[in-house]
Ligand code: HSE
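Take a look at this single chain, the form predicted on its own, given in structure tokens.
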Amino acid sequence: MEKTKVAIIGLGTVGSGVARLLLDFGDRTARHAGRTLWLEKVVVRDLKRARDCDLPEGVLTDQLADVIDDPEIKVVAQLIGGLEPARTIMLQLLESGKDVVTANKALVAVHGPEIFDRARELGRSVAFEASVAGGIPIIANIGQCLSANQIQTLHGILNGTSNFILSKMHEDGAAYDEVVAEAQRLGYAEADPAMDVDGTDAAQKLAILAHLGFGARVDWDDIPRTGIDTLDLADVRYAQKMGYRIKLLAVAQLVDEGIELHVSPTLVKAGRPLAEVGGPFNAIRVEADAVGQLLFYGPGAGQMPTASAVVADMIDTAVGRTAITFRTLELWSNRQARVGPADYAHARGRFYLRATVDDSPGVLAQITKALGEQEISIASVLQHEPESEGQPVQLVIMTHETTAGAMM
């Protein structure tokens, strides 16, 4: 059978999973690729570090040149996180005649235009299915399978760490800091979970999906975002009492003036599919004009789900399917964006407010007056009696539909 030599840059969690799939299930990949994907080299920084996969002798190296200077290596999985040296290595691989597969969503979100333009100039391709939602094939579905549609809305739970934290707060009534510590022990959260819990990770992924689904060119850092790091357990309890669950949603919606984009904790009615997505799982609900509503659900991270997406991209690249798609879609090209970002201040929705107030006459009237001055109508009010006289009380208000600008 024909052989295509491949390489992996980075043998961390995902890289080890990719190596395992290539080495242990070579017959499976060969069936789908019509050729053997031969793992020729794996590049790491430290040769002495313990690995959780067994590699054939001579495959492991700490020299990037062993891949770049080998013209027989055709496809490379570049699995280094962060922006540098990942960007430099990516460009070096392309310039040495390699087609590249990556799982690095930050690299695509920040340097996509530069990398994709360079790949086109060189006649090479970049595949990045694993960069969003792990094992869920959302990139292929939005970029290719739904090409007969105009996507209208996209609501995504795109960060498994945040979803795990919120799920535990709902199910166990545990405080935020306690659940973050548990997520770190279980490997769902990094030692510094800031990018997961402050909405950065979800915003980067949303920028990629917005480009694929709507043709928008938006800097992820310009996407309005609020994370779950300021969420209080009291908010979770009040949401439950009102029949909702809180989810960190990444939202893209086509409106008359462009595309609305934002990431924020959102109350989702209990029983609806997105509300029931638990633990570290991801889900994306897509609504399009021809097909209607679709829900994509599955593991959004983890070694083998992400490795599954990487190896699928490697197969498509080795066969030549990626090159055709890459050339046709012209992602992050210099052509004018089909749609621009809309002003978030005009985004419409219902809002949840919680305030700690004095239990005294006229307080509610002051709040409703302030809301009324912004033409914000109240849908419901929830207030419990204080445990003792003179203590402040929690006042929870749900508004009717209004604009984000009115709430700012």
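Counting begins at 1, following the sequence as shown. No experiment lies behind these values; they were computed from the predicted model shown.
The following text describes the form predicted together with this ligand, which does not appear among the structures shown.
- The candidate stretches are 185 to 193, 78 to 86, 247 to 255, 113 to 121, and the one lying within 4.5 Å of this ligand in the model of the complex by heavy atoms is 185 to 193.
- Only one of the listed residues (108, 277, 311, 301) places a non-hydrogen atom within 4.5 angstroms of this ligand in the model of the complex, and that residue is 301.
- Exactly one listed residue, out of 316, 129, 201, 99, brings a non-hydrogen atom to within 4.5 Å of this ligand in the model of the complex: 201.
- Taken together, 207, 262 and 264 are entirely out of contact with this ligand in the model of the complex: none brings a heavy atom within 4.5 Å.
- Remark: residue 322 does not count among the residues lining this ligand in the model of the complex, judged by a heavy atom distance of 4.5 Å or less.
- Taking non-hydrogen atoms only, residue 160 approaches this ligand to within 4.5 angstroms in the model of the complex.
- Expansion of the residue 191-residue 172 CA spacing by 3 Å or more is recorded in the model of the complex, set against this form.
- Three angstroms is the minimum change: in the model of the complex, the CA atoms of residue 82 and residue 190 sit closer than in this structure, by 3 Å or more.
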